[in-house]
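In structure tokens, one chain follows: the form predicted on its own.
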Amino acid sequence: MAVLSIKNLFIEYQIKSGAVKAVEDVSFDVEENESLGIVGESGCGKSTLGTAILRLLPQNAKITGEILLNGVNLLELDNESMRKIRGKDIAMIFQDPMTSLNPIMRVRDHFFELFKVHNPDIKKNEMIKIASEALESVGVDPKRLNNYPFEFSGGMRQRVMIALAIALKPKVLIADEPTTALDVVVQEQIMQVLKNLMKTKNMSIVLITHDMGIVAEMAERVAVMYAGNLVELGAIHKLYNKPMHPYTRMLLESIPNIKLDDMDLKFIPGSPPDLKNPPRGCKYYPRCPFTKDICKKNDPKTKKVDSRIVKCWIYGE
């Protein structure tokens, strides 16, 4: 059963020089206890998508479609109703642990602020108990509740951010680049924390990242985004072993591999398109080695092929 459903989602930012189409007609489901990875180059719309699910986009963003959490369309809720859902039913780990915590607030005060939004009558000793359990579940000594954020390393701050996100036991956790600015050892520790949380807390995780290696380790299914479009979606083993969309294939080929005899580093030529003025037809065609005439004229439809979703003219006109 899907706990989160995104249906025909469009997001555009209104700026002085026009509209920037950040997300175009994206649809997917997240099942209970599932880990879904969303990957793509910087600027492809994946973070905008994650932020839109919690309705935290800036005022110049226009959003249409449906975001269903347990059957409730979040886009139809007023601000107060949405405020009660954030943190309790769905939560988010933001990109930068160095700046996401208030430097003049102790760690315990971050938790208290969260609890009082959802349960104003909760007693202080109960708040400390829940906060201590949340910190302990991510490997942080509960005694450090009285510390300030600057007294923690980057990896420990990220653990505190995760603890804040899971304190009220949400059903869906969105992790937006949770290992940004962390060294590889700490990255592995954070990934292990998220894996353990899935097993013990009965939650679904949406992992937003550009790191294909992290997705391979963490996700059961992968959604590949390019220029605001969902171009491929499928099970991790199928997508990695036999990618269908040319962009997915080239993303995987761009991963450095020290085990291969051929050490030439591959890359995707060109740059992502300007989303304020995207190319006509398929947005990937200027960089695609398999471009046909129809790619330059018409945007391909999303098709279901071999239990996967793919958006490419290779799979039928």
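In this text the structure is predicted, and so the values were computed from the model without any measurement. Position 1 is the first residue in the sequence shown; the rest follow in order.
Not pictured, yet referred to below: the form predicted in complex with a small molecule.
**Message:** Test of understanding: in the model of the complex, would Gly43 fall inside 4.5 Å of the small molecule by heavy atoms?
**Reply:** Gly43 belongs to the contact set for the small molecule.
**Prompt:** With a 4.5 Å heavy atom cut-off, would you call Pro58 a contact of the small molecule in the model of the complex?
**Reply:** Yes, Pro58 lies within 4.5 Å of the small molecule in the model of the complex.
**Prompt:** Ala22 near the small molecule in the model of the complex, any heavy atom under 4.5 Å?
**Reply:** Yes - in the model of the complex, heavy atoms of Ala22 and the small molecule come within 4.5 Å of each other.
**Prompt:** So in the model of the complex, does Phe10 come within 4.5 Å of the small molecule, heavy atom to heavy atom?
**Reply:** It does not: once the small molecule is placed as it appears in the model of the complex, Phe10 has no heavy atom within 4.5 Å of it.
**Prompt:** Exactly one stretch in 244-252, 65-73, 24-32, 44-52 has heavy atoms within 4.5 Å of the small molecule in the model of the complex; which is it?
**Reply:** It is 44-52 that comes within 4.5 Å of the partner.
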